[in-house]
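Here's a solo chain for you in structure tokens, the form predicted on its own.
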Amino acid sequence: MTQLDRVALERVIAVINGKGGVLKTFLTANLSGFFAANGYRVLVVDLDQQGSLARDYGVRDDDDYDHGKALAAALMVQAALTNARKSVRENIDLIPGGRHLSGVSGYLMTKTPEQAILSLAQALEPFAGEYDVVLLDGPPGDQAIQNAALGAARWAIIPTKSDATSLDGLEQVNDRFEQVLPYNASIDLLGVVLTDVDSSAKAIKRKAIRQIHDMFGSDEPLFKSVIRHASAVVQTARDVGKLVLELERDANDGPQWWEIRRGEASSDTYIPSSVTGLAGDIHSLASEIVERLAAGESEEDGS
């Protein structure tokens, strides 16, 4: 068995679901923003060949953006990742994803299960301990890279919408756990978070909660915080390359909607009024994550 310093990886969190479109990347970026604003030093690793995290941070067009080249080399030939980090905000470093990751999954499938599952863990181990939190944005539908994310992580967060296919993706992650456990016995579920929740769809929300309860045998894995439906904010944030907390600051500092409507002021970017509610949801979730991390680490220290 490959020897790893799991202490260095104890704050690595995989944000993962077997299905796309559940706000996984959006949550990863915006949780990093709230952690960083509270003084946490954060590393974010984009494991998706779409490289969408770069859009959320507004750095996709930067000259030094490598579209996942360094990360792909680390996963396939154990090249060092130490110098691949890109500062995208104060207290936030990004290891970019992108098109160069397209061949990684096929390559990992030619290796032994241990080599494939621990490929990312080996790449992160030398410097993960420099950070208070490491967030891994796992790609949907890519078994090999999802397994590598779980092989490196101490914790997993599963965002899911309330529809059946998103919940099926949650079950797929459970299957991934079974495959990874022989090589990473420390991996555990930090929680499941309901996303894109319409406040008027109460019956649908109750049904989803029941399904999650049946899947895990209790409501304990489910975060109390939910992420509301706010597609206009999500799209605006990505279009301008800003995090929700930054958009909220812009909205507070900028002209009021009625000033714009009267022609008394102008705004280059319209910021939907729902930005404050969505920012509150993410802040609440970030606080719950910190509480669960502290509880889990306290339990480990006491055992």
Ligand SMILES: Nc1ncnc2c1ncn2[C@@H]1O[C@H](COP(=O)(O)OP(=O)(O)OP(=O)(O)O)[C@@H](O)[C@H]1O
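Predicted, not measured: the structure shown is a model, and the values here were computed from it. For every residue, the number given is its place in the sequence shown, counted from 1.
Form predicted in complex with this ligand: not shown, discussed below.
Asks: Given that the partner is absent here, state which listed stretch (230 to 238, 245 to 253, 33 to 41, 65 to 73) has heavy atoms within 4.5 Å of this ligand in the predicted complex.
Replies: Selected stretch: 230 to 238.
Asks: Could you confirm whether residue 57 comes within 4.5 Å of this ligand in the predicted complex, counting heavy atoms only?
Replies: Taking the distances in the predicted complex, the answer for residue 57 is no, it never comes within 4.5 Å of this ligand.
Asks: Whether residue 286 contacts this ligand in the predicted complex should be assessed with a 4.5 Å heavy atom distance threshold; does it?
Replies: Residue 286: no, not in contact with this ligand in the predicted complex.
Asks: Can you tell me whether residue 22 touches this ligand? I mean in the predicted complex, with a 4.5 angstroms heavy atom cut-off.
Replies: Judged by the heavy-atom cut-off of 4.5 Å, residue 22 is in contact with this ligand in the predicted complex.
Asks: Within 4.5 Å, heavy atoms only: does residue 278 come near this ligand in the predicted complex?
Replies: Result yes; residue 278 sits at the interface with this ligand in the predicted complex.
Asks: What are the residues of 93 to 125, in order along the chain, with a heavy atom within 4.5 Å of this ligand in the predicted complex?
Replies: Residues within 4.5 Å: none in this stretch.
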